[in-house]
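Given as structure tokens, the chain that follows is alone and in the form predicted on its own.
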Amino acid sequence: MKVILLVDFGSTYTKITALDPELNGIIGTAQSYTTVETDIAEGLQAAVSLLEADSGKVEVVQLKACSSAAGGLRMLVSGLVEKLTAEAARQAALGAGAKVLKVYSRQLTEADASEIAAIQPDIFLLTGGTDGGDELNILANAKMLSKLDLKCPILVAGNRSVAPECQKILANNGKEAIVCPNVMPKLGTLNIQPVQEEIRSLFLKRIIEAKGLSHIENLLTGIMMPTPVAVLKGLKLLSQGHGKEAGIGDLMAVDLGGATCDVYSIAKGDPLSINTILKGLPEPFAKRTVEGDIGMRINAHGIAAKDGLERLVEMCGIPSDQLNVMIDQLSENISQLPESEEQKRLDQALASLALETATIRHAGSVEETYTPAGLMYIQEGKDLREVDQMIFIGGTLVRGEGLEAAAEYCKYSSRYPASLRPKQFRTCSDKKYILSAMGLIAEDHPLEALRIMKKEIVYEQ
């Protein structure tokens, strides 16, 4: 049987989706452990074997893939003002599918330099200053980076008046430096697409080989991209539709994994009332954030650190000393599935608090202020209160029980009244984890991808 094979090389699992060559539907899906430590093709073949056990022998006529294996695309970002150029650079990196480990503002310190050298990111994004504006900050940071033992490429996307000089400083010290258009050429104006395209190009040319993915290069007939980019493409298509085929409208999506939690929103998020003033940079219509400090296994302690053990104890009824031991076990045994009732209660509580934290960080916020004209509201970020669809992507939460209860923690709450999260929504599940697969074919076959998603994304009863 001939198939088009769509592959997502994840940090833990390699997930595959087989389509019939006419793109009329899904033949089957399967997943296996990602074998980054040996040959990544082994995990792919294991997943194909599982697929063939259910669907019969397959002949792959086309293969497209995305990847977040070996930690995904790890980036560091620096800019001038935290809420302006640094934030613009962060948005550019996240929209390109990267995991932004840290954002630095103002001039880098010696402590910052030591931290950067220790992290050894895949890409460093250096920004700062509008075109014709501040020059000192980005020049100082270029000089600091030039002294470090960094192996990664450095993208220079700041003040165009000095960007070539920054490149020269870095190149003279053996660094690979690439100049891109300024991410903020004018105050409050974003231009992030060019740097996103360069990030994607670097991912294809260099990061794939560094992650061991070049082992399957001879099999590929399509361009690879970071998994979050594929998911974002799929969600945008599902939301907006294509041609005469309608999409499902504004939505949010959450992908809760063992190490991170990705949140997506496809919505404008503009202020809902005339007495609300929007503050800060414009938000992207298709937005992604990733929380690298919270996850169901590797970063389970990050969830406890955010809210403290007291809230977890309250939610799952397990004494704090025992809770610490159980979380240690989860962090050390990332493939562990809950078996006992206590383990199931802990997983439920961890998932609920992880979703709460990640959606609060993603959504905008509002605060009251009194002016001569009376009470006004200051909004930062997106107002998502009217988004009425939430998609949960893969993971143990979707495959197990308790999704509806955990989903409540994604909604607006009097506990966090300033957070502009959805008031109510229908809960949907990407149980087969096909969103990244559909993102891979969204550009070439948008109508077919849209129809498959509308059929496969299941509304919970």
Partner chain sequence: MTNKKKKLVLGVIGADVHAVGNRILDFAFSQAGFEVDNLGVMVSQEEFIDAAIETNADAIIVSSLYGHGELDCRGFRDKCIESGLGNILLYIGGNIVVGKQKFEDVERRFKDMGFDRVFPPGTDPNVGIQWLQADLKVKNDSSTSSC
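The term rigid core refers to the most C-alpha atoms you can superpose between the two forms while keeping them within 1.5 Å. Quick caveat: nothing in here was measured; it's all calculated off a predicted structure. Numbering follows the first chain given and starts at 1.
What comes next is about the form predicted together with the partner chain, which does not appear here.
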4.5 Å heavy atom contact, residue 83 and the partner chain in the predicted bound form:
yes
In the predicted bound form, is there a heavy atom of the partner chain that lies within 4.5 Å of any heavy atom of residue 258, even though the partner is absent here?
no
Close approach of residue 381 to the partner chain in the predicted bound form, 4.5 Å, heavy atom
no
Contact with the partner chain in the predicted bound form for residue 101, defined as at least one heavy atom pair within 4.5 Å: yes or no?
no
If you check 117, 277, 325, 171 against the partner chain in the predicted bound form, which one has a heavy atom within 4.5 Å?
277
Position in contact with the partner chain when the complex is considered in the predicted bound form, options 132, 317, 164, 243, heavy atoms within 4.5 Å
132
With the distance limit set at 4.5 angstroms and only heavy atoms considered, check whether 128, 184 and 372 all reach the partner chain in the predicted bound form.
yes
Which of 336-344, 141-149, 73-81, 232-240 has heavy atoms within 4.5 Å of the partner chain in the predicted bound form?
73-81
Residue 373 C-alpha relocation of at least 2 Å between this form and the one not shown, rigid core basis
yes
